[in-house]
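Below, in structure tokens: the form predicted alone, a single chain.
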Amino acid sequence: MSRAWNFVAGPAGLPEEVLHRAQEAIWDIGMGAGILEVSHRSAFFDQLMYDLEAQFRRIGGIPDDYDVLFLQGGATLQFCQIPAELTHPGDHIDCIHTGFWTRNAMRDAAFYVPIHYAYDGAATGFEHIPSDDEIHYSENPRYVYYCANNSFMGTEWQHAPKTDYPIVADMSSNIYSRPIDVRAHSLIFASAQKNLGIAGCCVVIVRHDFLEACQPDPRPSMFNYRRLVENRSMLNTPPTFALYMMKQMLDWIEEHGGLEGMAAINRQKAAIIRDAIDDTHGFFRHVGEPQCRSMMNISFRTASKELDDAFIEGAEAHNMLGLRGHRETGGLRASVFNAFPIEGCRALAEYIREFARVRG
């Protein structure tokens, strides 16, 4: 049975070899039980967690003065956990607002802390990522918040914003798709289901001195980064299968050249699709300014919703799934995360050219 080209924005597709390993592990991990059944207090799982953190650090070049946490609740829980734990009475934070996900994060942060918008991309329809001189910070924000890849619109930061204030980044849709400047950040968080595996786990990378500024105890256990660090992300039963799958994805990333290897192939995949869009001479239009476009989420559109709908219908007939744009933006979107095969990008590029030739 052939598999479809899966362009969905998440949970993303997985490499076939990883899926086959998971099939075997569900049945038996070598101890007469499957990964879905093993205790998180067992020697097997304890070793898995040591290996997972060590490999995650090695691949990402994460310095020793950062803690790594594997948490539940997805990235969305971090929208409130970060300001709840890391701000104090009288603090405020700055946000660089580039669309849907910064809006949602600030909606939750506003329960805990006043927000200053150092940049607001609404005026440009969120098709622009600001340069450093377009960002106007307030005086002494507790931290600066931004979203590194805006999956709903298909825009991506090429480097972290430059500031002397602590920086918090949501990297849910581009983490480990290319090398990361960890040192530029005080805290990075990312849900796993785009580039790191399946839904159910969120990674938090946090610098020690930033963590030391957490709210003092007592606090609820699951809203206590220090307790989570002390318990190696296993304060309660962790998402065992999601963590196992992340380990398999990290193995796969290393087998394919690490983050440099991911960056090279991801650039190539995005270029194949974007070149096809350019070849239609305006029949399809990119979303996002050229210097702001994402490698992970390629947003584009035709001149009408009717043509967009016809394109999607034809794509599904060609065994291509998930090309409808975000519900708030409409249009079209091809998400090509780490595991998406280059052959699928070529198939989409061919279909884009053919659709424009027939309908143009």
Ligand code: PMP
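The first residue of the sequence shown is number 1, and the count goes up from there. As the structure is a computational prediction, the values presented were derived from the model and not from experiment.
One more form of this protein, predicted together with this ligand, exists but is not displayed; see below.
- Contact with this ligand in the model of the complex, judged as any non-hydrogen atom within 4.5 angstroms, is confined among 285 to 293, 211 to 219, 113 to 121, 191 to 199 to 191 to 199.
- Contact annotation for residue 170: at least one heavy atom lies within 4.5 Å of this ligand in the model of the complex.
- Residue contact with this ligand in the model of the complex: residue 273 places no heavy atom within 4.5 Å of it.
- This ligand is not shown here, but in the model of the complex it comes within 4.5 Å of a heavy atom of residue 76.
- This ligand in the model of the complex comes within 4.5 Å of a heavy atom belonging to residue 151.
- Among 175, 93, 147, 245, the residue placing a heavy atom within 4.5 Å of this ligand in the model of the complex is 147.
- Between this ligand and the residues 126, 157, 143, 101, the one pair within 4.5 Å by heavy atoms in the model of the complex involves 101.
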